[in-house]
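Structure 1 and structure 2 below are two forms of the same protein chain, each written out on its own as structure tokens.
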Structure 1
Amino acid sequence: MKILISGIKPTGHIHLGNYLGAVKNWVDLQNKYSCSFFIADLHSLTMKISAQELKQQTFDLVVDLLAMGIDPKKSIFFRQSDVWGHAELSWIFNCLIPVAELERMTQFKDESARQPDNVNAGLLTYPALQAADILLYRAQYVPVGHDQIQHLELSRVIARKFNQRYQKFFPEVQPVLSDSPRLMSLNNPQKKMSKSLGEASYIAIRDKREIIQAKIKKAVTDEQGVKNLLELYSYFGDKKKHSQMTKDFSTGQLMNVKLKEELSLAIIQFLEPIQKKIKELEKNPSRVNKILKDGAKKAQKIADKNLKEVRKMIGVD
């Protein structure tokens, strides 16, 4: 079976952009590929995050992903830091990739600008760790949102460099995009919905009814904004109403208040069962932690086997 992997950082709350751009696809693809999904906690260290925050946010994210449909019976679900090979392989990749390639990365530039007092080396070499996350499992398919395409291209460059210098071992990584690879912010529809743009930018999976209503009420309704709300409605709302509202939009007859009301309702309904599952899972933290530990064992086995071969190829076995 084709090997697929993806990860997500435990920073802030998971939102509908993450869901529609990545996680929804993860859930659907579990039946078609040999899947692994992980919490990219080592990547979170590139930001200022306390030990306590990292622990709590990792737990919350695991719960969220399970509630959204990641199934540990179908997929290997683990925490990046539990599998030792990620950090080791990333070092090997750091020694293959020119600094200039890393400096070109949009995420590096954006993050450096966002936290100018913390432009750490990890921010720069972040894509080498990401390439290691993928190639440690010799995975070829990576479901992500549009913003990660550049990092996946770099993973391809790294794999090619390794294969040329040593032996052909790693596959060419390919992104798998969803129907909604770039959902825009509610309060700034020119930019992608993102945790880093603040609470008003996104609907979090855990947002309560009143918060959802308030955020959507305040959403910007310029042309791009309304298009974005209609796109959201197309995923969560009623098909007939959606096509009627799309028609009304094109003839200038759409009532934004109505669209916002319908959209709030649709999202609240969609999130209700997920939030219920979150509550259930939170009651049983030892079960949640066991899922991660079991996943790590499975991942470690594959990682060990591949890393053993890599060590031989580069002369450190």
Structure 2
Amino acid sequence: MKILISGIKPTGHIHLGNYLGAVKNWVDLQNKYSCSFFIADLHSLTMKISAQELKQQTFDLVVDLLAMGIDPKKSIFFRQSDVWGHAELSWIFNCLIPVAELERMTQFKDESARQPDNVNAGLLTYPALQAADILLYRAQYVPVGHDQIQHLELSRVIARKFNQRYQKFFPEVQPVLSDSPRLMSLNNPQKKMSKSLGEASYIAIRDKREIIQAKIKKAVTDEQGVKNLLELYSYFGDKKKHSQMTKDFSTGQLMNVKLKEELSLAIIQFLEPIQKKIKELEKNPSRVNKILKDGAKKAQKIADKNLKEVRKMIGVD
């Protein structure tokens, strides 16, 4: 099977936008590709985060992903920092890519603006580590949204530069574009659902019933806001009810209170089995840690083989 890889940063709990935009797709891809999924904890160090926060958020994220369907029997599931080779290959790539290319990256500009008091070198060289995350395993495919194409293209450029300077070794990775929805914020439907907009902007998969109801009750209901709520309902609610509510909206007969009640109920029902699995996994941290350890062993075996070849090619082995 063709090799596919993707990672996710442990920065707070997953929300419905993350689920529909990435995780749901990952779960489906497990049946079509040889998949590796990892927790990108090294990337988190570019932010101001304490050791305890990083440790807890990593554990929570692993639990969340397992509860939502990432299957260690189908995929290699591991923590980035547990596999030796990511950082070393990143340094090799840093020596290939011009600074000007990195400075042009949208992500660098956005993150620098978001944390102006912490514009560290890691933010600039972030794409080199992303490329290493992918190419260390000689992955052929990466699932991405349309807004992530720039990052993947730089990984292709880096692979091309390495292949030209030394010898052809790395594949030019291809995107697996998903038709995932772009869910908008509950309290600001002009912007994408995001943790950066505050907790009122999204539904986290760990949110309790009363929190979900409160957030949706306060959701903006201008024209764009109602469209956003209807779209959200289309993924979790009853298809016939959604069709009827859409017709009512078009004729000006839709009652927003009813829409919010139905949406709250649909999301709560969807999240109940996931939250039950989360509680079960949290009671057994040794099982969670074993899954990560086993996954790291599998990933390390691949990484060792490929990095050994790279070291020979560049003349350090």
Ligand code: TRP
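Only the largest set of C-alpha atoms that superpose within 1.5 Å between the two forms is called the rigid core. Each residue is numbered by where it sits in the sequence of structure 1, with counting from 1. Everything numeric here is computed off the predicted structure, so don't read it as measured data.
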Which of the two structures shown, 1 or 2, corresponds to the form predicted together with ligand TRP?
1
Can a Cα shift of no less than 2 Å be assigned to Ser81 between the two structures, given superposition on the rigid core?
no
Quote the shift of the Cα of Thr106 between the two structures to one decimal place in Å, the two forms being superposed on the rigid core.
2.6
